[in-house]
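Next up: a single chain in structure tokens, the form predicted alone.
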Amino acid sequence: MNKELSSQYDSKQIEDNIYKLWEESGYFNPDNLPARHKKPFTIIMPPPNANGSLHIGHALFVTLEDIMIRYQRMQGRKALWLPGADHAGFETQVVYNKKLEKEGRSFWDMPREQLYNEIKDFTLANKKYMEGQLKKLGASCDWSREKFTLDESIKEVVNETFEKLYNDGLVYRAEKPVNWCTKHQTTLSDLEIKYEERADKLYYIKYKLANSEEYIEVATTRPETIPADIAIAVHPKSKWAKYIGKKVVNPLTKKEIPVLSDMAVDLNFGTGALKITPFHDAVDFAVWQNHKSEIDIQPFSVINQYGKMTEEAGPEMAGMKVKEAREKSVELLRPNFVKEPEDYKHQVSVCYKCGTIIEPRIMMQWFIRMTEKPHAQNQKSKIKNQNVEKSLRDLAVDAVKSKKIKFIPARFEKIFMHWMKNLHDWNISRQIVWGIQIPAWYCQDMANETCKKNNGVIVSVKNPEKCPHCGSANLKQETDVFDTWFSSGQWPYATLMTTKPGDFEKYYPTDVMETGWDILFFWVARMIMFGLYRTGKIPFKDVYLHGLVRDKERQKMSKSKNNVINPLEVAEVYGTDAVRMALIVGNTAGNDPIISEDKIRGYRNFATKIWNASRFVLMNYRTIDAKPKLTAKDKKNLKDLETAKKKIAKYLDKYDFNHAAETAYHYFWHTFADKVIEESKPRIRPENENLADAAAAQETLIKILEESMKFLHPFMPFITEQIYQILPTTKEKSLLMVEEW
């Protein structure tokens, strides 16, 4: 380590060397921290998707969590920041599919095992690259405990949870409405679809009563699905109520279908009458479930998995794409129009990755009961759980209501509660290759009653050699994989259960979960539910939610807008410390922070100011053979230093990183550099014959410089560690990262 500061601050020269110094010390691992570090402080890193480079949003979470962990480490906590990476199932398969398309290949033509192995190699290579990027950003996490969501040990924990949920009656397999992406050929959960406003037409169609010229008027935006209509539902208070119990004629198939009474019909939309097409709408499916005894026709689909019309749609539309079929159906239905179609704007559900309109389908899928209590506790299960009297939702709601878990900012508690109130059962199966295969097998023989009662389903963490019910060895494994959020929802306990012996007992529950507010429901809520269900304990005490990074015009960053900032590229130019400060100052919890190259350049100037001020103090440091005699101003300066330091600590304790960073910035630049150093210059010059005064001025400067490096360290770790190593007060082999705050 060079014991002199060069004339200019060059971040490129110091950052790699400093990170190497930290790694070699072993202090990222809490097991190696000095004896004063006793009480654990734990953060589990939200695992970045291992399918590409880190972006500015990743730089934000890394900075925030590194500030927390460095501060707590200096406070004497046994600080563990456990890093990891997410296989990111569906998202990674989408990314890899784009790669294959560029190569002129298609994953539809590839054997399952080959595709899985190719994606695995791609992901592991990205994961290794991504870890290097995390280090470049200064992440002081314990790499000896690093985890991946597809580690065999993690998969085993995830499968154990699934088996327990199944045995407790909270997991079930059923034929129900699901969201289907015709492009990616998989189901998506309700949270993985987004809604876009689309301009369509609203068609008013006559459904004539059987053997009568009277009719019920039905409004629909999807005339192409009329061949699949099995009933008409009317609101009991609508003008069509007099026809309840009668039959009308399907205008395309000419089949007679019943008129039902159902409160699910919205009187404020259309005409107060609703065509019931169960396999193409979740509301229609629910109506059918409630009126099965009144309907003769079994529901069927007229749109296949590829978004094309089936034979059941009729010869005029069979084989057409949905858009073409809509035009054809309008042509066929024109004699049944009550009036000309109206322009109609409405929210349409689309795939969040490709924007393809979601087609509701009825499919046999795996679901988790979110709002029901466990039905039966499996006494043989090795997983003991005291929370069997509450639903998954109630476990999470109670934990937040009782303040065992606190949201920062607090307003997200209300948002969380609103979402939990409207929770539905969760479809956790995906028809993709990349992910954790669901540990379920199907008996092909079903030779006894117990086997038949279970529909031949065997759920087991370990691969069964034969059916436990009938003894058949003719078993077939489920090919669907878990929704990524099912495995990542178990991340806090799954990681600590599979690292080092005793880690779970020592570091769980964790102290804080820091993540973006946009995945409060995707991830945070599910971690709370699963953590309490599986362990009986909350997974974390505090939830810090950061915003989405935006440009200086407050626009979302996107390649199409050419406003994307690559954190590693700007760090190369301006230094990592400057990027970190630019991400923190002006950034409050739950709000979208603003970042620009100008802002980063400004904090590069601050880094230069720190360097130059430190260099001046150190260049003028000399051995003075006299006892320091502090002046009243020296004492005031040292008191102001302590006040600033306590203020910064107070902000950090409250997760108010913005004000903590601002206070540190203003104290160092405007108090220490502009005032204290300037006022001390005459006193530290060799011409000052009052040696006691010179020694006092020098001691005051060194003391303030040393303490400033401490309170700046969590924010700007590289430059502060480098300067700390040069200080005359620094002991041999001491590191600022473990200094006492």
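Numbering starts at 1 and runs along the sequence shown. What you are looking at is a predicted structure, and each value in this text was computed from that prediction instead of being measured.
One more form of this protein exists, namely the form predicted in complex with the RNA; it is left out here, but the text below deals with it.
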query: In the model of the complex, the one of 78, 506, 609, 353 near the RNA [non-hydrogen atom within 4.5 angstroms]; finding: 609
query: Interface residue in the model of the complex among 437, 658, 460, 305, criterion: non-hydrogen atom within 4.5 angstroms of the RNA; finding: 658
query: Region of this chain that lies against the RNA in the model of the complex, out of 392 to 400, 130 to 138, 650 to 658, 318 to 326 [heavy atom, 4.5 Å]; finding: 650 to 658
query: 4.5 Å heavy atom contact, residue 678 and the RNA in the model of the complex; finding: yes
query: In the model of the complex, residue 524 touching the RNA (heavy atom, 4.5 Å); finding: no
query: Contact of residue 108 with the RNA in the model of the complex (heavy atom, 4.5 Å); finding: no
query: Partner contact for residue 623 in the model of the complex: the RNA, 4.5 angstroms, heavy atom; finding: no
query: In the model of the complex: members of 658 to 676 within 4.5 Å of the RNA, any heavy atom; finding: 658, 659, 662, 665, 666, 669, 670, 673, 674
